[in-house]
Structures are given as C-alpha cells and as structure tokens.
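Below you will find one chain, with nothing else, as structure tokens; this is the form predicted alone, and questions on how it binds or moves follow later.
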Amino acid sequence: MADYNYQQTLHKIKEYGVVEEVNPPIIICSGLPGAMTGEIVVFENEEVGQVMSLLRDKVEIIIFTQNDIQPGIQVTRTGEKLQVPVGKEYLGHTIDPLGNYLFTAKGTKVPSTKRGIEVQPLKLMQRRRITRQLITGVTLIDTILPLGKGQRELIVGDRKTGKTSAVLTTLKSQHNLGDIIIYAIIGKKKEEIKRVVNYLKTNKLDNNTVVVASSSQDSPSLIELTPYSAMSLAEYFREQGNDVVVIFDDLSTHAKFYREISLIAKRFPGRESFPGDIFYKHAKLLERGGHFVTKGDKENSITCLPLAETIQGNLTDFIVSNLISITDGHILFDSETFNKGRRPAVNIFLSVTRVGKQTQSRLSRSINQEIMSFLIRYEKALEFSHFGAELSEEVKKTIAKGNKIYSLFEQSYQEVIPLEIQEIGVGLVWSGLFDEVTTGEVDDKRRVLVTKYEEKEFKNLVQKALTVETLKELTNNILAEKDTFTKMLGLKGAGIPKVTEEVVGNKVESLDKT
C-alpha cells in the first residue's frame, strides 16, 4: 500500500474533515463532502483508513492499524480506492494483507504492479468447464473424493482433526507439479503463522508459494482484508498464465472478526449476531475462483480451498452451512473417525465433491465406483462383527479386505502419493495380491512403491501399466509383472497367491458394465 503524505494530499484534494468519534477500528468524522465508499483517506498523523459508509452528514471510516487516533484531528480523502501490490517478487515470502513483508529483511523490493482488493468476478463467457483433476497426493481424497482444478471445495471439521495437515499435503503435491500456491492465514496466533512458514522453508516449498498472513493481534479490519488480498494476488498469477491454488485458513475466524467490526459499527445483528451480509461477503470472494480462459485462449484456474471449523461436527452451524451452499462440495474431517485412529480422518459418507469426478479418467472413475460401493458393504458388515466366530466367510472376507483398503488410505501429512501409485495400490489390494499380507503391512508396502516410483525403471513400468482403461486390465498387467512387483515390494514368491485371469475377471466383473 502506498505511503500518503497528509499535506500533499490535502493540497491536491482541497477538502478535509474532522474526527468526532473514535471506536476502534471505526472512526466517525464530519466534513469530506466528496467522499466515496471504499475510498482511501489519510489522517493528519499520516495514518491511513478507508471509507466504510456514508451517513447523513458524517463519514464512517475504518482504520487498518492499532495506533490511536484522537478526536479533533483532521483527515482528507485521496480520490483512490484500496489497492495492494501484486507480483512475482512475493514468491517465497510472507506478507500482510497490505503487501508489507513479514519475517523479511527491510529493503526487499515491493512490486510496482497494483490490483484492487475487491474486483468483479470474471463473467460466465470467460469460464470453462472443469476438466482437469487437482492431484492432492492424499490417496483417500484423490480416489474417493477427487477435486478438479478450479473447484471450490470446503475443508470442514472440528478443531485438531487434521484439516491443515491435509491442506499442507495438497500444497506439497501442487508445488511438485509447478502450480502457484497462495496460503491465506486469517487471524491466527503468530506462533501458528511461523509454524507454517517454517514448514514451507524446511521442506523447500516456498519458492512458488506466497503466505498472506494476519495475526490475532492485528486490527480486525486488517484481518477482514486477508482473504481478499490473497485472492487479488491469485488473480494476478492467473493472468500470468499459471494455475493457482488458494487456501483460506480459515473463514470461520474471518466471519467472527467481520462480526466484531459490524457490531462496533452498530449494524443490525442477525443469526448468532452475524451481520446480514456475511453470506454475500464469502460468496463474492469464492466466486472469483474457477476455470477461466486467459490471454492467448489459454485455460488457467484458481482452485479455492476454504477451511471452516465446526463444533462437535455440527454441519448446521450458520457459517459452515453458508459455505457449504456456496462451494462445490465439502470434505468433512470427523472427530469420531479421528478417534478411531484413521489418518486422514475423513468421513467419506458425509463428504461431497460435485465436479471432481468429471475430471477423472475412466480407470479412476471405475475405481471410485467399485471402492465406494464396497465400503458401503464393509460398513454394513462391521455391524455384524460382534458375532465373532458365527460370522460367515463372506462377511469375514469383506471385513478383512475393507481393513486393508483403509490401511491403504492411511497416510501422514508429510507423504505425497502419486496418482499412479494410488491406482496401483488399489489394484494390488483388490486383485488379492495382498491377501497374504497383514493389514498393518499394506501401508508399508505402499511406502516401498512410492520410494521405488522415483526410479526410472520402475516409473516406466508403472506408466506402462497405466495405459489401460479399466481396473481389470490394470490388474492383469500387475499379474503379468508379478515378479517385478514381488522384488519391489520385498515379498517372497510364495507370498503371492496364484490368481488366474478368470478369478480376477470375476472380482471386477462389474467394471465391464460401467
């Protein structure tokens, strides 16, 4: 944000007002007959604010600092709307919503390009159907709840259930694929901000990442600007021909600070004391995401991943239900699932992705349909597990295979699984190649696959196997290369059951009907 000089601005505009009432971050002043909503104003002590609304004979101004402004001092308008610097110079750095560097030595170059903090979303004619999958690197999400580039997917759940961990895995995956990531940290503690920044630096993920952060000690008005500043930066990179992922951590906190501002400004409170325009505030923000046509008829996307916090898994919470209705689906991180020891703690059956499945290949869709229908049978089979020895063999096999599939989904936030390995892993479990392997060992075998995937010879083998269109053919390819997979997975030859093409065909027969 530009530095304004009060005397120079007053000489140019020739119009001033006087502060009459101070109720931080809201200032009421008289005068300024030519003021516009959203216009930048500068006070006599060089502090900067923005016109919030126009009253009958006064002007309501919001300030961005915690510094005191005394009644009686003068203020003048600038004739300019709020803009923030945007540019590639911010890559690898942490900034505040006004573009000032944080945790960076003074003298670092500030971009000369500026962009409005609130702009109109691109119109329908400039948008395209979402067709490309966003690879999160999380097996459960990519397999069961796939996301598309340009999708707006809500990450929701109770506190400390792994929402941020899943987002960091996605960030790492998209960094490896060359996308730009904008991480908006909204009203968090400074130690939480530093923890994220240190994670990015330690894992060398900061060269194409920008962190836009505001702490809980900042002015509520500065915190309220954070997601809009992050989105303006994302739009700049989109126009440069990049795919961008924007993470809003989190919009529940953003809503609370906006509620504080509105109550101080004496706005009429609605449900849970939130102002009536809170839905509009979040809707106009997330509407700026999507899949667009840019210069040269190229297609680029802004994928929005807003986070929201629930209390005891209550999805009817006012802010959460608002965001669910705005976004293209939600991924629920469940406390009950978390307490069962599953990581990530995603409740598959209460999560939704509305446009992600249309981005999957035929193979991926077949896997999705088959595994999802099987997990429904698995959950029903668990209801009979208390019968113990009286269970039928079919139910026992269903429970055993379900346990191995969930073991395949087990994943730490530091681990990114390539999509090819995810499909190979599902194929190995589904075809019965892991029947002789204990549930706990499935995750270890997959780790070997991920490690071996970096080797050129094995990578070529995997890509060769994935030229097929159905899981049946993929399984047959795995069986044809079973000696190679035996070696790679560290299994003994006798440990792999003899699975004929006829048996495999029976196990995936339903796929031929899709």
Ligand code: ATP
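Numbering starts at 1 and follows the sequence shown. Model, not experiment: these values are computed from the prediction.
Not on display, but discussed next: the form predicted in complex with the named molecule.
Visitor: Report the stretch among 408-416, 146-154, 369-377, 281-289 that approaches the named molecule in the predicted bound form to within 4.5 Å, counting heavy atoms only.
Guide: So the stretch in question is 408-416.
Visitor: I'd like to check something about F338: if you look in the predicted bound form, is any of its heavy atoms closer than or equal to 4.5 Å to a heavy atom of the named molecule?
Guide: Judged by the heavy-atom cut-off of 4.5 Å, F338 is in contact with the named molecule in the predicted bound form.
Visitor: Is the gap between T136 and the named molecule in the predicted bound form 4.5 Å or less for some heavy atom pair?
Guide: Result no; T136 lies far from the named molecule in the predicted bound form.
Visitor: Does G162 reach the named molecule in the predicted bound form, with heavy atoms at most 4.5 Å apart?
Guide: The answer is yes: G162 has a heavy atom within 4.5 Å of the named molecule.
Visitor: Heavy atoms within 4.5 Å of the named molecule in the predicted bound form: does K397 have any?
Guide: Result no; K397 lies far from the named molecule in the predicted bound form.
Visitor: Do heavy atoms from each of D158, K188 and R343 fall within 4.5 Å of the named molecule in the predicted bound form?
Guide: The answer is yes: all three residues contact the partner (heavy atom, 4.5 Å cut-off).
Visitor: Here the chain is shown alone; which of R128, R195, R132, K81 has a heavy atom within 4.5 Å of the named molecule in the predicted bound form?
Guide: Partner contact (heavy atom, 4.5 Å) among the options: R195.
Visitor: Go through E89, D218, E299, E309 and name the one with a heavy atom inside 4.5 Å of the named molecule in the predicted bound form.
Guide: Exactly one listed residue reaches within 4.5 Å, namely E309.
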